[in-house]
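One chain comes next, on its own, written out as structure tokens in the form predicted alone.
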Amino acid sequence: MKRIDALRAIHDDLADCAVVTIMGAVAAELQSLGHRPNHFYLQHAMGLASSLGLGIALSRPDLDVVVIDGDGSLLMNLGGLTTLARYQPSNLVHIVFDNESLLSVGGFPTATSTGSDLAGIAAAAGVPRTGTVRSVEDFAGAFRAARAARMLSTIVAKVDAVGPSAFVTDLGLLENRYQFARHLRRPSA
């Protein structure tokens, strides 16, 4: 499956969530589907999207938080999985798009290209709901089931190593930060 197709399948579901993405292709593709003030494109902090998402989930338990990560980013901060598992926020869904490469920085292969199982690693770290999906339909279903379960979940979506022609958003970093901060200050519905 292509990451953009998976994002398109859940884009409407993200309207009422705080969404934190990693840098690069994920951020650019999500923005291309339609930017919203509740989307934060975490730039220049590879490996830290789940940590930021955890902080938001713990400080705003009334708000659903979705972290959109990548295999390379997650592998840079595997300890983040144990921290997620320790606190187990019921309002956090952690999506990991696994294209088996560091696409945004040259396409170098990651450990998943030789068999590392990110869903298995998340489960071993103590994340209560994990799974791997390989189709857009399975991904959308797993995402909606994870939100409905109200339990920390990690969904690993195996995707093709393709992306946009540019790996940046056209929204200024400060403007994105201000929009997202204003969104977080609003009471949830």
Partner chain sequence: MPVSLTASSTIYAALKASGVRVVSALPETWLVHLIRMAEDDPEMTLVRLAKEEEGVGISAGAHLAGVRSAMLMQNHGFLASVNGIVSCAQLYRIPLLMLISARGEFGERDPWQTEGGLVTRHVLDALRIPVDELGHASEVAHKVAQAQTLAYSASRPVALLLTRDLMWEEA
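Here the structure is a predicted model, which means the values were calculated and not measured. Residue numbers count along the first chain shown, from 1.
This next part talks about the form predicted in complex with the partner chain, which is not shown.
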Three-residue site S51, L174 and F180 fully in contact with the partner chain in the predicted complex at 4.5 Å by heavy atom: yes
Residue contact check: Y41 to the partner chain in the predicted complex, 4.5 Å heavy atom: yes
The partner chain contact at M1 in the predicted complex, heavy atom, 4.5 Å: no
Touches the partner chain in the predicted complex: R60 (any heavy atom, 4.5 Å): yes
4.5 angstroms heavy atom contact with the partner chain in the predicted complex for A45: yes
Contacts with the partner chain in the predicted complex, stretch 58-94 (heavy atom within 4.5 Å): L58, S59, R60, N77, G79, G80, T82, T83, R86, Y87
